[in-house]
Structure formats: structure tokens, C-alpha cells
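Presented as C-alpha cells, the chain that follows is alone, the form predicted on its own.
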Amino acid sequence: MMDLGRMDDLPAEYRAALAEQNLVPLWPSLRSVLPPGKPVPRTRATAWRYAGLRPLLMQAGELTPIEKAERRVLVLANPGHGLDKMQASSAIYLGMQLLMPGELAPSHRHTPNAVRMIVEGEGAYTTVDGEKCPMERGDLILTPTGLWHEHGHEGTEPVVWLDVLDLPLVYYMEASYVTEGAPQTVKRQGGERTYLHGGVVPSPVFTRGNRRYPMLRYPWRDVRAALVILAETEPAIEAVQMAYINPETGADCQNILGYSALMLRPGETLRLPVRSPAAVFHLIEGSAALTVDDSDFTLSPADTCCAPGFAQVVLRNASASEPAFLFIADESPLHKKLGVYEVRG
């Protein structure tokens, strides 16, 4: 490979003259921004254990009232990016959020897209664009870019959920901001029931309102049932996986990150294709082992793991008798829109 030279090879006076005019020579850094063969990711294979995280999250509930925190969250930060960057991958932000009984996280809207994967507890809800969405374990709730949303808790036990946002990308583009708002008036509830049956969507005679996100809550009981039925009816299928989509367009449910649910059959080992996007794996039920290149992780319910792009990921169900269920978030929609999506092997 050609030796492109180093910055130190240039005379100090020349470097100073470049800096004075805000100029930088490309050739000494060319291979750092265009490495040969494949990218060199900063994202590291990292796991966050819920058993270790949960006590610290509950302590945060004691130390900081919701009025001071607005959103009481512990960020799942990837050490490869630096903990101060508060990101799991180049485009994915993860956080565990706590809401205590009687609390209300006030209404706001922001430019990053967000989803909530409910981890534990009952009695909480998220109101999105006037639709009240109950929060039950395993449910996925969308809070897309620009839509008002707030969280409330009418139950008796703590409720925790995993936040997944495309914040790192939106922040990098200098497009990230929030607008505070007044409490919402609930206009609808149970909108997800409209799309309960696959293959049919509402088709009224008169023009409907233009809702870019017609389905905001994806109940886990329905997703889990669909996975089980797929496994039963397609026993030879390579992977028992369901994507979270916009039911009226068939496209990804959000624009930048993609979401899916995966069932590992009892005793199953699944070797995933090597792909360009980074991915996050969150265990909803069961027990699983995860290998990311040379790093091995054992996941218990509510544990979360991040894998960089171009990594070889192998999933194993640790149980020979019970299925395991995972929620997956990845950067596929972004890569496909940018034309950099790759599958190798």
C-alpha cells in the first residue's frame, strides 16, 4: 500500500501557515477516514446488565425527583465512543428510563425519533400526539420526530423502559432540539387494534387525516403470538423474525433506525449475516448467549448488547426446552437510504 506520508514530515512553518488559514492536508489522514477493505468502527461489542443497572436506576429515583430530572434516565454508553458522547453506536442512543407511581414526565417534542421498549412494571402510559398508549412489558411505543409526547404513571410499582433514539446522528447534523409543551388532551386510545389483522388496513370512502405514523403502540402479546405462529407454520424458516413496520405503507416504522423481534427456538443457534449497520439486542424473555466476533456475552431478561457494523454475530438459545425472545434495533434504514448498506457472507 502506498505510503502517504505523515504530518510530521511537513515543515513546521508550512503546517503553521496551513493552520493560519484553517487548512488541513488530507494525505496524512486519508487512511484514517478511508481505511482499506472495511470501516474501522469506534463502536465496541458491549453489554449492559440489567441486574447491575437496576439498583442504580432505583437510587436515581430516590436522589432526583422528576421535577428536577424531567426524564430520569441512565444512558447506556459505549466505551468505544467515550462515555461523555452518550451513544451506543454512531447513530443509536440507548437509555433506561424510570417513572415512579404518580409521576408525570411533562409533554415535549424533539427532532430525534424515539421508541420505548417496556422492561418492567404496569400502570404507566405514554400519550403521543393525543393517543394514550398503555405501557406493558415488551410493548414497543413510537414517539417519532416532531410529535408531542408525555409519560404518566397511574400504577403502584416502578416502571422502566429502554429508550432507543437516533439522537447521535441528529445531533451530529446540528439538527437536535426540543420544544416544551402543555399537557395533552387524550383524543384516542387503542389505535393499534385497527391494525390487528395482517393483510387488511382501513380503507374508508372519504379521505382520512394524513397521519404519517398510524400505529404508535405495538403490544408485545400480539408480536409474541405472531412469532410463535410463524415458528409453527414455517418450521424450516431460517430465522423467526418479525419487523415493526408502518401498517399502511409496509415501510420501516421510523425513518432512520429499524426495529424487529426475534424468536430463538429451543436450543437454536443462529449465525447472522455480516452486515454494515450496527445493531442492538435486548432480551425480552428467556436466556441467550451472544458472540460478537471474539466477544462472548450471556444475556438474562432485560440485558442489552450492542454489536458494531461488519461484525459476525452468533445468537444461541441457552435453553433446550423454552424459546427466547429478543428485540433488535439497527441502523439498516439509514444505511439503505444512504446507499452504504452491505451484506457480506
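In this text the structure is predicted, and so the values were computed from the model without any measurement. The first residue of the sequence shown is number 1, and the count goes up from there.
Just so it is clear, the following notes concern the form predicted together with a small molecule, a form of the same protein that is not shown.
Residue in contact with the small molecule in the model of the complex (any heavy atom within 4.5 Å), chosen from 224, 81, 137, 108: 108.
This chain appears without its partner; in the model of the complex, the one residue of 160, 167, 141, 240 with a heavy atom within 4.5 Å of the small molecule is 167. Within 4.5 Å of some heavy atom of the small molecule in the model of the complex lies at least one heavy atom of residue 116. The shortest heavy atom separation between residue 194 and the small molecule in the model of the complex exceeds 4.5 Å. A residue is said to contact a partner when one of its heavy atoms sits within 4.5 Å of a partner heavy atom; residue 275 fails this definition for the small molecule in the model of the complex, lying far away. In the model of the complex, the small molecule sits within 4.5 Å of a heavy atom of residue 71. With the small molecule left out of view, the stretch that reaches within 4.5 Å of it through heavy atoms in the model of the complex is, among 214 to 222, 259 to 267, 149 to 157, 240 to 248, 149 to 157.
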